[in-house]
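Coming up is one lone chain in structure tokens, specifically the form predicted on its own.
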């Protein structure tokens, strides 16, 4: 089977449970912290913005949690997703490495984000919620949640980071097709947004600002809750359907990855891909597994940030999380991988980086697009700029295997397609794209605003 181009599972093979890596961590996570009370955050603290079942999952240490039947029924629209052997890319690189990718771009919204969006919309519907507010960077999460809300008859309001709102107008159109209201963030819809605009009329926005706006929206509307597309434990868990399926598919191929790679913004994509494989490493079954989280050099929270308690949003509405962070006041450059412009990393991923179980690397924008175009020409699939970060790392690992004369098995997640990102490709092909390295002095400046805990 290893000579097959595409490895397909049946609906019966689809995971019926999510994997919760909290059960296998080397040490328990530091709890979220309520800066206002000076104590660890409680379920009651989170109840203003999340439904009860989501809070239970966020705090659970149970290894496997059942996926509700209604969520599974929606998943069947596109799941199980294909695992593809990248023979074309292997040939172009002339590498002895075997390269596989999990193709999450086949979901209706075009990315892996639908895996958690459907689950979160379902739990909110079950709790009697009528309105969900959220943020989105490049628009993948906003598109996914807009679709999921329509399926479960919920109103959806999306605050989209301004730079991406302008770079990717058709993402906004897709959200509106699904029935969502979409606002460019910072917006004039909230006190947070109006304050930011007053202080800086040309502010390009950040995920931290958009999260603050979405939470303010929730707190000022009845029957409303907030939904987050990354970072938190429950989101990482929902995404593990990716890696759980990939493990079955690799078994059919008679193979197992030496290296698992995914891009990292907040951490849901990486978590969903790598955690089911890292489980084997944590349980002593695959000690040699290398797990690589790829971030942009313009937003290097794992590479240049610090492990500390920080807010998840720019205004400090959220509890503080123990994570690698560039500081919640961080303002990234306007790179095209809008989904990777978040200031912090998942506490779960952060704990694994701290324990040297996950290896972070930072890559530059132009070399990412070099890899994206090479992949598109070799495999015929146009990747999202976010996904192209993982492709860059996979290519580098395959070239390293060639230099060493070793056969390695590489698995990466193609987390989304790039059909809404053609303006970015135009920018690259015309030679206008520039690299952006986030300066260390800016990191120091942002870290000065960390909450005192």
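Keep in mind that this is a model prediction, so the values were computed, not measured. Residue numbers count along the first chain shown, from 1.
FYI, the form predicted together with another copy of the chain isn't displayed, but the following is about it.
Engineer: Does another copy of the chain, in the model of the complex, lie within 4.5 angstroms of each residue among 25, 33 and 452, using heavy atoms as the measure?
Structural biologist: Not a single listed residue reaches another copy of the chain in the model of the complex, so no.
Engineer: Answer with one of 289, 382, 252, 219: the residue that has a non-hydrogen atom within 4.5 Å of another copy of the chain in the model of the complex.
Structural biologist: Looking at 289, 382, 252, 219 one by one, just 382 meets the 4.5 Å heavy-atom criterion.
Engineer: Only one of 308, 125, 378, 361 has a non-hydrogen atom within 4.5 angstroms of another copy of the chain in the model of the complex; which is it?
Structural biologist: For this set of options, the contacting one is 378.
Engineer: Since the chain is shown here on its own, which stretch among 402-410, 421-429, 48-56, 34-42 would lie within 4.5 Å of another copy of the chain in the model of the complex, judged by heavy atoms?
Structural biologist: Only one stretch passes the 4.5 Å heavy-atom test: 421-429.
Engineer: For residue 256, is any heavy atom within 4.5 Å of another copy of the chain in the model of the complex, or not?
Structural biologist: It does not: once another copy of the chain is placed as it appears in the model of the complex, residue 256 has no heavy atom within 4.5 Å of it.
Engineer: Does at least one non-hydrogen atom of residue 177 fall within 4.5 angstroms of another copy of the chain in the model of the complex?
Structural biologist: Residue 177: yes, in contact with another copy of the chain in the model of the complex.
Engineer: Contact between residue 79 and another copy of the chain in the model of the complex at 4.5 Å, heavy atoms?
Structural biologist: Result yes; residue 79 sits at the interface with another copy of the chain in the model of the complex.
Engineer: Using a 4.5 Å heavy atom cut-off, state whether residue 355 contacts another copy of the chain in the model of the complex.
Structural biologist: Contact check for residue 355: no, nothing within 4.5 Å of another copy of the chain in the model of the complex.
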